[in-house]
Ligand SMILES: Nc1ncnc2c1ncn2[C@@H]1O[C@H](COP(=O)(O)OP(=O)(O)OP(=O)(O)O)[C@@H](O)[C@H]1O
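First, one chain by itself: the form predicted alone, in structure tokens.
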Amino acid sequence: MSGIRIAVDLTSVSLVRDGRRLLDRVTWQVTAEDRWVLLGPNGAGKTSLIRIASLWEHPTAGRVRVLGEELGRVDLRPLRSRIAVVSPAMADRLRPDLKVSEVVMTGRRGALEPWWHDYGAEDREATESAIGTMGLDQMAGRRFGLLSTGERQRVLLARALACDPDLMFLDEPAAGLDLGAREELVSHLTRLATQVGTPPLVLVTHHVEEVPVGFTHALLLKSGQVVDRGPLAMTITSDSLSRTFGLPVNLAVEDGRFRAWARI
């Protein structure tokens, strides 16, 4: 993080598209030590907020500062290279017969093919470290397209880590996973969240069951507006979830993990 204290600093950010207000005066700060959960229903504005915070979208109004630089006053290309966005959609852009090690290596240059760039000893060391962090050592030589959905998600996380980012956004990494694959992924995210040297993390999800232990804060969105934000245990409550999802919600917490269900 190069001594930068505030990774994301959004002030009164709004986004209007085709007459629809997707975000409405959102203020949000992510510090260097934070691990945030961004939670809300479909259409809440989560993806719009992440696109702005990762510098791929300009707001209609408001101020955006990321990694110490202000949007509109900085060359975005080198700044974006310091930000990792992990999305299941990336899996469809990668050639399925690439080896896992090759997929992770491409993260060093933000490429889709290993032959686009030359890689040296430092690149290989970073690749091996990222593969080890996500528990993929035994899969390094396997073909990406032959992996399960959960395994591919872990490879994409390793690919993002390989570029040594200063900020990471995880956009619904557990989407489409069965119970076993989800729990394995959450376990790896827990280790990542509690590991020294991990950059600030923002996890986007619809489900509190996907929140790993070790995450510190939550931002709840509904219809583009902030319902609540703050330390995780104080923010993810039965009341705040009920207001966010528009129905009465029961919440249970056990061993640092959440479980929610509707009161009907």
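Start at 1 with the first residue shown and count on from there. Everything numeric in this text was worked out from a predicted model, so none of it was measured.
Beyond what is shown, the protein has a form predicted together with this ligand; the following relates to that form.
Q: Considering non-hydrogen atoms and a 4.5 Å limit, does this ligand approach V13 in the model of the complex?
A: No, V13 is distant from the partner.
Q: Answer with yes or no whether G45 is in contact with this ligand in the model of the complex, where contact means some heavy atom within 4.5 Å.
A: Contact with this ligand, yes.
Q: Please tell me whether any heavy atom belonging to E172 falls inside 4.5 Å of a heavy atom of this ligand, as the geometry stands in the model of the complex.
A: Yes - in the model of the complex, heavy atoms of E172 and this ligand come within 4.5 Å of each other.
Q: Evaluate L241 for contact with this ligand in the model of the complex, applying a 4.5 angstroms cut-off between non-hydrogen atoms, and reply yes or no.
A: L241: no contact with this ligand in the model of the complex.
Q: So this ligand isn't shown here. In the model of the complex, which residue out of G68, G62, G230, P41 has a non-hydrogen atom within 4.5 Å of it?
A: Answer to the contact question: P41.
Q: Thinking of this ligand in the model of the complex, which stretch from 47 to 55, 211 to 219, 232 to 240, 24 to 32 has heavy atoms inside 4.5 Å of it?
A: Flagged stretch: 47 to 55.
Q: For the stretch 17 to 40, return the residues whose heavy atoms include at least one within 4.5 Å of this ligand in the model of the complex, in the order they occur.
A: The stretch 17 to 40, when checked against this ligand in the model of the complex, contributes R17, D18, R20, L22 at the 4.5 Å heavy-atom cut-off.
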